[in-house]
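Taking the form predicted on its own, here's one chain by itself in structure tokens.
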Amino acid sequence: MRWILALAAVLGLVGTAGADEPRKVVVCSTTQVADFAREVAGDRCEVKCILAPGADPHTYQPTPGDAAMVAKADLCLENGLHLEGKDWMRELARGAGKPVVTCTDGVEPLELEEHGEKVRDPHAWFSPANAARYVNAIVRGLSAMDPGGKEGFEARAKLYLLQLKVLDGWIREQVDAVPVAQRVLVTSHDAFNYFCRDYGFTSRAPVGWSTGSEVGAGMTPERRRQVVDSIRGFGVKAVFVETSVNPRMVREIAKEAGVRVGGELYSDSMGEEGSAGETYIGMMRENVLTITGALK
């Protein structure tokens, strides 16, 4: 009975300590970053996200409401690597005098070619190993903002990092069921390089395997012919549309190439609340099932 009473007393103290203190506010740029932040922060912080599910961070234009949200933040979190077009999250934080953590710090970026120039690929979260780096950066940022919560942040992160390791192993198991020759991923834009690198998808992809800024932006007839011919030449079984990119161009190219659309992938944004892809792990799970189901 004594130890029960003692335990109750301890739980009572834990439950009430700091109860009158307002929660710190953390404002995130993207849905993936916000999901990582919620996993680490638990109930100790209020995590808000600027982008809505399905929004495109590359083309997003901040609103006065976004600026007002950032003005009330204790900490801002961005993806970085210029995912947020013209670094809008960093600019909002700078304008409000708020600290900002770049979650891709420590990531070894891949390179993309854009308008004839090499740029760093910002879609690093599609590698669970990189997602772990995001989480560690968030732990450091939250702990610096709220030293009293550091132990809890680290404990939550430890559990979530284990989940990311399990996710990585599960993805490898699922992808292993797809013959190597059929691991060709054709999508709406070049978001899946890290995923392809980690899980053995071909580096000799078709021309326009990810059509990038050309989607919906006036692909030339010659370029379109090259893309269609290349998809046919690689014997691609299916191509994929994305939740944050207009699917029209990819659907037309699939029809011309005589291949089917294998499904819709979560890319620059996670899914709506209540959907299978509303969390990072759920998003990755559903993408993998869609990809492997169409390419087997």
Partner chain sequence: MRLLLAALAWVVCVGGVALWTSARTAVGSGTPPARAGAEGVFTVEATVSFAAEPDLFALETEGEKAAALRVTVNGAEVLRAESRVLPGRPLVSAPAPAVFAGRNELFVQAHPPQRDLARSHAVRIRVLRDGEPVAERTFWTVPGTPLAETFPLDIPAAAAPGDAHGH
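Numbering follows the first chain given and starts at 1. Since this is a predicted model, take the numbers as computed values, not measurements.
Keep in mind the form predicted together with the partner chain is missing from the figure; the text below concerns it.
Participant: Heavy atoms within 4.5 Å of the partner chain in the predicted bound form: which stretch among 179-187, 89-97, 71-79, 158-166?
Facilitator: It is the stretch 158-166.
Participant: Just give me the single entry in 226, 102, 202, 136 that has a non-hydrogen atom within 4.5 angstroms of the partner chain in the predicted bound form.
Facilitator: It is 136.
Participant: Examine residue 129 and determine whether its closest non-hydrogen atom to the partner chain in the predicted bound form is within 4.5 angstroms.
Facilitator: Contact check for residue 129: yes, within 4.5 Å of the partner chain in the predicted bound form.
Participant: Is the gap between residue 154 and the partner chain in the predicted bound form 4.5 Å or less for some heavy atom pair?
Facilitator: Because a heavy atom of residue 154 falls inside 4.5 Å of the partner chain in the predicted bound form, the answer is yes.
Participant: Does the 4.5 Å heavy atom contact test between residue 120 and the partner chain in the predicted bound form come out positive?
Facilitator: Close contact is absent here: in the predicted bound form, residue 120 is far from the partner chain, nothing within 4.5 Å, heavy atoms only.
Participant: Under a 4.5 Å heavy atom criterion, is residue 140 part of the interface with the partner chain in the predicted bound form?
Facilitator: The answer is yes: residue 140 has a heavy atom within 4.5 Å of the partner chain.
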